[in-house]
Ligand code: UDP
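As a starting point, one isolated chain is supplied in structure tokens, in the form predicted alone.
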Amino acid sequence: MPTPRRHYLFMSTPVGPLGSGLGGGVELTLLNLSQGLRQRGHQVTVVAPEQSTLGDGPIVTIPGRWQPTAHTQGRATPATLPADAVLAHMWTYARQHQAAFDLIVNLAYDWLPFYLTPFFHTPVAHFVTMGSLSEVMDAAIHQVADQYPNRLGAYTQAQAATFGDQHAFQILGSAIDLSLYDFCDTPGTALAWMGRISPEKGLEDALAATAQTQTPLKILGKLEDPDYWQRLCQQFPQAPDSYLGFLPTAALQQVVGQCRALLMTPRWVEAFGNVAIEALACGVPVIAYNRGGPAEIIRPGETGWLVEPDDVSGLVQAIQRIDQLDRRACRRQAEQQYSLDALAIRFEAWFEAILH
């Protein structure tokens, strides 16, 4: 029996406009999921902060002040809502227009959408985009799990486990538009590091490992924490020359594809790690700490190496073994597991389970 054609309302992160990089991997997930579902015949409308862009997909932009990012707050930080909050305005829009949609899908890692879930007539599903970071969010997520079984989704088992009950989550992974990433079989000498430049991403370990191996490093991503970056520049004089900025996909994949490997050095439990599958799509192996989402993506000895967390010497040893890996195997894994259609099918099945 064919899946009915649905109209979904996706509620974006309120920490900044889509396309700015402030939303991290959520931005790419939202873009690719929207595209994959539309290719399967569904209608998708995205609600996001003012000045957002989302390719050619339908988008409603809402003015207002952005929310603080959850990863910069402490575990005991209370839920906050600034005056003229874009989050409140976005969910007012959702309440007013809910009858036009079969399902509302929340991607905001914030207390308010979870609290509002019982007050909507149209079902609200929550794709949780980070691991456990605060007591107030843990409580809100557990309350939805108790009241509405099957309404929670996550990227990986490792992410879901941080909330203490991974069985409450549908594990859905992520994806990319493979047509935007070119396979490169003849890399140069440099390694790549991609991500928000913020302390929890552990860029200093990548800089230390490449300094020890005398390997050039190309750093790509949003400069989120200028004070942290200045400390890195003082400690590693080569850092400023290595930083290439926050690049659009076309330019990013050209740079990454020419690299021998991608380094992932997170200090926290990464929910997934979209940068890993972007690298794999280019044929680039991934060297990552054995922590969080990347540990569920990389096939050790085939498409990368997993290293003991926070072990720079382990990174150095893995860098020395890059040439044992087959770049064609990396591209193959991306094609098999992380296509837009594969992602859309997984989400579509989850949505239908909720609606039935």
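All residue numbers refer to positions in the sequence shown, first residue = 1. All values derive from a computational prediction rather than experimental measurement.
The following text describes the form predicted in complex with the ligand, which does not appear among the structures shown.
If we take heavy atoms and a 4.5 Å cut-off, which stretch out of 232-240, 271-279, 203-211, 101-109 is in contact with the ligand in the model of the complex?
Heavy atoms within 4.5 Å of the ligand in the model of the complex occur in 271-279.
Within 4.5 Å, heavy atoms only, which of Ile319, Ala295, Val46, Leu28 is in contact with the ligand in the model of the complex?
Exactly one listed residue reaches within 4.5 Å, namely Leu28.
Taking the ligand in the model of the complex as the reference, which of Pro113, Gly257, Gly131, Gly221 has a non-hydrogen atom within 4.5 Å?
Checking each option against the ligand in the model of the complex, the one that comes within 4.5 Å is Gly221.
Spell it out for me: taking the ligand in the model of the complex, does every residue among Leu178, Cys184 and Gly283 have a heavy atom no farther than 4.5 Å from it?
No: none of Leu178, Cys184 and Gly283 comes within 4.5 Å of the ligand in the model of the complex.
Give a yes/no on whether Leu247 approaches the ligand to within 4.5 Å in the model of the complex, heavy atoms considered.
Residue-level check for Leu247: yes, a contact with the ligand.
Flag Gly195 as yes or no: does it have a non-hydrogen atom within 4.5 angstroms of any non-hydrogen atom of the ligand in the model of the complex?
So Gly195 counts as contacting the ligand.
Wondering, does Ile141 line up within 4.5 Å of the ligand in the model of the complex on heavy atoms?
No - in the model of the complex, heavy atoms of Ile141 and the ligand never come within 4.5 Å of each other.
Might Leu252 be said to contact the ligand in the model of the complex, defining contact as any heavy atom within 4.5 Å?
Judged by the heavy-atom cut-off of 4.5 Å, Leu252 is in contact with the ligand in the model of the complex.
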